[in-house]
Every structure is written in C-alpha cells, then in structure tokens.
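One chain is shown next in structure tokens, namely the form predicted alone.
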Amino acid sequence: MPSAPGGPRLLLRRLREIMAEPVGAQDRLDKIVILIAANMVAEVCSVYVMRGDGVLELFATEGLNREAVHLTTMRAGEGLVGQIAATAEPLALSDAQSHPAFSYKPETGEEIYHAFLGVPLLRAGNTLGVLVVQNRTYRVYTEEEIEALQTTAMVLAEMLASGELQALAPVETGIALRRPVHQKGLALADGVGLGHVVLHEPRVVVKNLIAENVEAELKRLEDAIAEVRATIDELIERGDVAHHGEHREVLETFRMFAHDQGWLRRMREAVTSGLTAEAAVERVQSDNRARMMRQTDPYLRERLHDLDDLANRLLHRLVGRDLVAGHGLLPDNAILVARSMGPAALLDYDRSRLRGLVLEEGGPTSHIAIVARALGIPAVGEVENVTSLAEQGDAIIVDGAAGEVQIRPNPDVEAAYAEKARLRAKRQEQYLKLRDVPAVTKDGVEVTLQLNAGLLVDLPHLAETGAAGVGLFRTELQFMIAERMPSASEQQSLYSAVYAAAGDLPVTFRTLDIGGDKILPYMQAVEEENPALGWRAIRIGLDRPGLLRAQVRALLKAASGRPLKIMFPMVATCNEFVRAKALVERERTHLANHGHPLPSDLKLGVMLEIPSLLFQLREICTLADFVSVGSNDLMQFLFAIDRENRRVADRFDPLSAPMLRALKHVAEEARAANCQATICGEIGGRPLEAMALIGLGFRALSMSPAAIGPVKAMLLELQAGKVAELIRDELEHDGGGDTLRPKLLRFAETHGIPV
C-alpha cells in the first residue's frame, strides 16, 4: 500500500507556503490540489465548494478533466460527494462505482478511478464543501490517511472562510459560508435593528493552524486541559457558581466532558497530525458539531451546547483570553448575538451603540426578553444555530416584530428593511406628538395608560410617552440581576429611586414574583415536575415570611409620606391575600411604633392570574383595593398551555370567547365593587386587543413603553360604545366561533381605527 511521502506534517508545511504566495485564488487552489495529490499518492484530488444556493461546484481538480472545473455541480445528497456534504462524515471506498450513491458525471472522466476517499470541509460544524482523492487501483485507505485528509480539509475550510474564493463563485449565489441567511425565531421585543454582529462570547478565531513543534503543541494542549479541569473543580468545590452565572449541574456536566477520553484522544491525534493545539480543538469540535447538529434526539442536541462551552473554554485558555471580553466595548450599530444571556450581562453593554439582540435560547417571557423590551432593543429568540451561522462583523438585520433575522442580507433586502426602519421612526415621531393628548375615546371614555417597568432604565419612558404612571413595577428584576440577595437597605434605595424618577405619578409595586422559571442564581433551585404550577411568587413569600417582610418594610420606608400601592402575584385564594395583608399591617405598625414616616396612603391589591380567583371575584374585589389582570399567566392556566412550548403556545387566541368572557367577568365584578381593575399583561399593549379590552369595560391598561403610542392612536379614533356592543352581541349569541379577531379587525377597518 503506498504511503504519503513526508506525511501530513510536511503536507501542512507546504500548504502554509502556498497560502503565503502572492497568487490569485484559482491558481492557489490549483497548486493545493496538486500538492495534496502528490502527498497522498493519489491520482486525483478535487475540491468541491458549497455555493450559497446549496449546490456543490467543482472548484479545482488534479487528475480529472480540467474542463469540468466550475461546470460540474451536484446537490447535497446527490452522488458520493453530495452524500458526504449531507452527512458531514468522511467516506472511504475501494470501489466507488459499485456504491449505490455513485453519480456518473461524464465531463469529469472519473470512470477510470475506483478507490475514493472524501472528507467534508467543516467550519463550526457547517459544511462548506468536500475534499476528494481518488486512485485507479482498488485500494483501502487507512485511518491515518483519512485523518491526514481531514486535517488538510480544516486548512482549506479556513481558506474558504477568508472569503478568498468568493470571486470564483457565481455572482448570484456566492459560496455557502458567506451566503445570505434568513432565520425565523420568536419575537421577543418589537423594533427593527440594522447593524453588524457582535458575538457575546466571541469564538476564538484560530489563525495559526500548522504546528512548528508537535511535542510543544501536545504539552500546550495537556496544560490547557489541566487548567480547565482545575478551574471547573475549583468552581464546584467553592460553590461560587452564582458569580459565574452557572448552575452546579452544568459544571458537573463540564467536568464529565473534560475527562472524556475519546474527546481527548481525538484532539491529541489532530495535534500529532501537524495541527497546533488550538487548531486541534477547533477541528475536533467542528466534527462534533457537524455530527450532533444532525441528531434528532433533543437530549443529544442539548449536549452539543455543553461541548461547545467546554471547547470554548479550552480555546480561550490556549490563546490566553478571558472567556467573555469587555462587554462595554461595542462598535456603532452593534447587534448582539448569543446562545443565551442573563439580564445582568445585557445591562453591561453600552446601550447607546446597541441596535438589536439575537438569541439561540430565550422565549418572549424570559428575563432577558423583559429587559430587552425595557431598553427598547429589538430582539428575537429561539434562532437555531445562529452563533455558528453568524461571524463577528457580519451585516445583520433583526426584525423584533416578525421574529426574523437576516444574516449577510442582499442589498435589496437591506434596502427594504432600512425603509421599514425609516417608516417605523416616522410613526414613532407621530406617536410622540400624541404624548400630551388626553387618552380619551371619541365618545368621551377616558382610559388610563400606564407603563410596565422593572428597572430604573425604564422610568425615563414616563416622560417620553406621557404615560399616567407605572401600572406594574416588577421588583424581582433587581433580584435577578444581582450576584447575591439584595439587602433591605439596597431594596429601599431602589424603591426610593423609583419614586424620585416617577415624580408625582403613581407606581404599583409587585412583590417578588420568583420561582417557576424565575430562579435566582444564588438560591437553591427546587426540583418540581411543573414549576409554573409550583412553589413561586406569593407562595414563597408566605412560606418564607422573612423575605416578604424585608421587602414590604423597604417599600413602606421608601414611600415615606407618598402614596404606596403594593400588589401580590399568583394569589389563588382570598385567604392568601388576607395573610399577605396582615403581614403588611404588622410591618406598618412596627414602623409607626419606631417613629418612621409612613406612606400617605396605602393600597393593597392582587395580580389576577390564577383561574380559581375568577370564582372568588366578588369576595376579592371587596377585600382588595384593586385587581390587576396578568393576562399572560391567566391565559396559560385557563387553556392549560405552556406559553414557552412552541407546539401549543399559539394554539389559543386571547380574543377567543372563553378568554373574553373571563375578562368581562372581572371588569363587571370590579366595577360593581368599586374596585379598580387594570390589565398589565401583554394583551394590553396590542392595539386590537386593547380595543377589545376597552369594549369589555376596562379603563386602565399597563404596557411596555413602545406600546403607548400605538394604543393611544387607536383609542383616539375609537367609539368605545360601538365596540362594546359588538363584543356583547358576539358573546351572547354564538360566542364568535374560535376567535373574535376577524370580526374585530373588520370593525377597526370599517371605522378607520389604526390597529
């Protein structure tokens, strides 16, 4: 069996020399295939490049008919080359023509060659092309030869990534790595952002691929592995996981992978073949990504994230960089791209330069989504594999309303979105003109429009929008972005700052709504089968009264002569509210006995989000000073749908008869008891839904800052009596079918109401 003269190390050294030569892209590629053929003792060496349209095109060959270059093409999955591209796995055959996938291309003249070895050109798990060697004889390629060709393929993949071959591809398609990509995700925060990619945890770009001293590279690899292992061990033993934003289970998984012998062996073999330590890590992880991205098992796909994280740690250790580089340093028009992020990390970035956020994880009700909406940053979540598809500095567009992301968009797409952004800015200017216009319908119904908030950065929106106050201040966000439990004095300081920022406008503070999906990093998570239905919000407050008492005392002290409104979340029974009310009274009495100034007026209310409270409305409206409907959770529990589950989240409409009847019941009972009723869920900020809520009898809505303008523009054109009549008729007769949405849309269109 022939052996490669000089082996893979000599081949890599020669490749490096060719890469440095001042020649054109085609000449360089032609020299490379000649070199690989000679080194592999092969009669044929060919490079196929994946174009932007998903077609593989022959870009260079030694041994096949040169006339076939840029003429021979095949789809992914077609022929042996297409199969390698589709599976991202190497393929070695002693007789290629007897394989069922063999596809004959007469223009190449390859019918005289039997032995075949092909490997994918991979980068970050994405297939950029295929590298093939062939021989006339029926021969078996060894594991060493397959490994050598895979190592060579990595160097070629980096050449593709550099963009040097872009000029050789058809203008209309380009090559796959640089092709425009349209990804669909979940809308998190409204708005359109155009800019350039900034990776939250930037990948290490491995520039030095070829080892000068293999023994030295092996030692670097072993030292880096030992350091990463020691760091993980230290984090677990010290228990200081909160500071690093990771849970113990994640670190335990890291530790398991860091000791995986198969992973370590493959990296050592890659170094032995002539790669640097960091290039070996990159190559092995790219192979892992390619294999695991094609898995259908969600558990195995999730493990890909763990391996990515570990490889990233190892690469940063090898190049001597921190895992997350300076957050605050952003270029102009930055679009942040991340697998996942906590709200604290987002707040570290310079808001003035940030134009959008794209996440692989994170739903519309996640903490990061709430903060993005507060900051007015267009955001899209659940965008699969975006951190691998996007390169640092790529042009990117985020459409937060449609939940779409355009990576490396074509000029016409970019122009269309730029126009969309201009129209949006123009509409915002028009909404700004409505800031001081009273929120009164055409038939004289006054509606109070307030903001949902949770951070001090939200509060300047009060003046910008002309909102009548803060209808919901989520106090848990302070706890979620802190590295440790905020002290009573720190809580009081925040609430005092909120009062100062709000001026004379009212603020409704919601007590801690933690538990469920809102796990504080410094609190031990409780394993529950159904967290949304478990130990959370007021249930934690009543079971751990010290936590609730500290917060209530901080709120009472911060009010100091001003009106105070406190709302309790997740209340399921009147008894829970009575117990919470008694706790507040004890704290108020305690402060009075010690001479502390008290609020000038104290009002206590409940967040209505559990259906059981719908059947105690008369009682709760008598006991409470106000009720505020949390429509997100109420709808989730009413229809038994997990709003984070994409399979069922959109199955039911908030404008369906059951939801509208429930809301109508709330409005009527609250009015009968002279108890103020507010909507503070997402539906209050959507013009069409807000129109329906006004028709149901609600006269106070709380929403995100960006929603104030569109909702006010709607109600200024609305006859509240007419929409009330429409809804009443529909609910009394046939219930409107599945949803009243089509009829409400027709009503709005007929009456010229902007929704």
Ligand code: PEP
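In this text, all values refer to a predicted model and were calculated from it rather than measured experimentally. Counting begins at 1, following the sequence as shown.
This next part talks about the form predicted together with phosphoenolpyruvate, which is not shown.
Out of the listed residues D399, E609, E145, E217, E609 is the one that sits within 4.5 Å of phosphoenolpyruvate in the predicted complex by at least one heavy atom.
The partner is absent here, but in the predicted complex a heavy atom of G681, alone among G541, G274, G605, G681, sits within 4.5 Å of phosphoenolpyruvate. The closest heavy atom approach of R643 to phosphoenolpyruvate in the predicted complex falls within 4.5 Å. Within 4.5 Å of some heavy atom of phosphoenolpyruvate in the predicted complex lies at least one heavy atom of S631. Phosphoenolpyruvate in the predicted complex is not approached by R283, whose heavy atoms all lie more than 4.5 angstroms from it.
Residue contact check for D458: none of its heavy atoms lie within 4.5 Å of phosphoenolpyruvate in the predicted complex. Stretch-level contact analysis of 505-513, 148-156, 74-82, 334-342 against phosphoenolpyruvate in the predicted complex, using heavy atoms and a 4.5 Å limit, identifies 505-513. Contacts with phosphoenolpyruvate in the predicted complex, taken as any heavy atom within 4.5 Å, map within 459-479 to L472, R474, E476.
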